[in-house]
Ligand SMILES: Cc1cc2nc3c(=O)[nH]c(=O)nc-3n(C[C@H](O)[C@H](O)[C@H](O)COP(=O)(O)OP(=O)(O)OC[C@H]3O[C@@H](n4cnc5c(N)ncnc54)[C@H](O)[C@@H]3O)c2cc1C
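Below sits a lone chain in structure tokens, taken as the form predicted on its own.
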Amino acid sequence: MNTMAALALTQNLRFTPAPPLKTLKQHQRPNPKTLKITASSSSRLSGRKLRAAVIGGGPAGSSAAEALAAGGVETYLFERSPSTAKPCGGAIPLCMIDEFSIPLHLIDRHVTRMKIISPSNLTVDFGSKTLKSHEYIPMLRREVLDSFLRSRAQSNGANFITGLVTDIEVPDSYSSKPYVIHHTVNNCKRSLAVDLIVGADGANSKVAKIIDAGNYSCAIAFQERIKLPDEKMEYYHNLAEMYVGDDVSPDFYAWVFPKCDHVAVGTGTVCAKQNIKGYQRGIRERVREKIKGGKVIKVEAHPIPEHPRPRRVRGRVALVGDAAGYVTKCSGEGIYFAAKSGKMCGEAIVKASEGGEKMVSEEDLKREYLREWDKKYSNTFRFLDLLQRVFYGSDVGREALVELCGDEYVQRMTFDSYLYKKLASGHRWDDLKMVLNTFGTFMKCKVVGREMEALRLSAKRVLF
């Protein structure tokens, strides 16, 4: 969360739910031999449309498939397990409701209050005074959102295949020969030839490995879904909580986010993944009284990329979402950027191919997709990377972060950035005041940090 400006919700949002997903029947699945490519790269196709495979049916893949199919590209969307979803806090920015026409009935909770709790248990109420009357943070379940986006992609013409991609044949560089997707459907081997691929298959992307997109660091997120007694659940009716401290994560934050009938309690780390269960015990201890009597109904863990991959386009293959590394530091947000990157990539391919009439090249993908993405979002990712290094590296920094969050100007700037996905432009003198307050807070919190360390040492001497 870190920048937001006022975009009011459309009051009369209309959307007709898409029909249920249908898996392609045997006679509908094309054979690789039926795709004959004789045109040179970037030339007009004869007697057929451009054919694209999107691998991965989360927000990134579904948004890409929808844009491609709606734009005239013959599109195949692969998802190996439609019934499961990536473990996720489930918060999305307000602007995503309108931008992606998300039906309001999919939203479980309208969060209007956040509490941020420091290592010394300093608590700041974040949002109750600074959110406008129409503003809130939408909370939903990934399995619900993912299913909806896949269905909508199909209703726009994408062919949905429930299958596991096992291998991809990659043509020689600069060749216009097809990529061949080998996959299994109900334990039967299948193959599909396509002109291009959009890799949306998550942090452990098979597509990224096949095109040698380069390695990147991954964090791990771990969360438990906990069903609370009614009176405990009422406390989290419109409230989300974030906890920081070495006890819950050495380089990130822990959370309690409300869902439809339960809360998600979790944490994440990149530098101490082997200790993730210990940090989960830490957040459970911090919220022990608030979740007392609750029952764990699901345990989830998943890798989260820490930065964009070195290569996100190679040949006629483009990476989007987690496969490309589009998760922000500091906030750990990925849903919006996944959907946005998929949509931008799909629209870029439609534009470069003139509605599926022309072959596309690596240069087309870099020009229409990658450069536009970097121009729009690279500064945001760098800024949030800096914030994480400054504020999450020690308890001193975390104390400073929480104290700063008590400032109403800081809160307004943060919400304007997060809710509307643009770096908010503030007022010069208020910005200068915020910088000076930051320095002052760090100096003050260094004292707090020393006092906390002395307290820990004293406790050890008493115990041992």
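A residue's number is simply how far along the shown sequence it sits, counting from 1. Since the model is a prediction, treat every value here as computed from it, not as a measurement.
We do not show the form predicted together with this ligand, though everything after this point is about it.
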task = Using heavy atoms and a 4.5 Å cut-off, decide whether I210, A318 and G356 all contact this ligand in the predicted bound form.
result = no
note = Of 43-51, 404-412, 56-64, 391-399, the segment with heavy atoms within 4.5 Å of this ligand in the predicted bound form is residues 56-64
task = Identify, from the list F126, F148, W255, Y369, the residue with a heavy atom within 4.5 Å of this ligand in the predicted bound form.
result = W255
request  = Could you spot which one of K290, H307, H302, K177 gets a heavy atom to within 4.5 Å of this ligand in the predicted bound form?
outcome  = H302
query = Can you check whether V198 is within 4.5 Å of this ligand in the predicted bound form, heavy atom basis?
reply = no
task = Indicate whether this ligand has at least one heavy atom within 4.5 Å of a heavy atom of V165 in the predicted bound form.
result = yes
ask   = in the predicted bound form, does R314 have a heavy atom within 4.5 Å of this ligand?
value = no
ask   = Is V360 close to this ligand in the predicted bound form, meaning a heavy atom pair under 4.5 Å apart or at it?
value = no
message = Within 4.5 Å of this ligand in the predicted bound form, counting any non-hydrogen atom, which residues from 216-243 show up?
response = A221, Q223
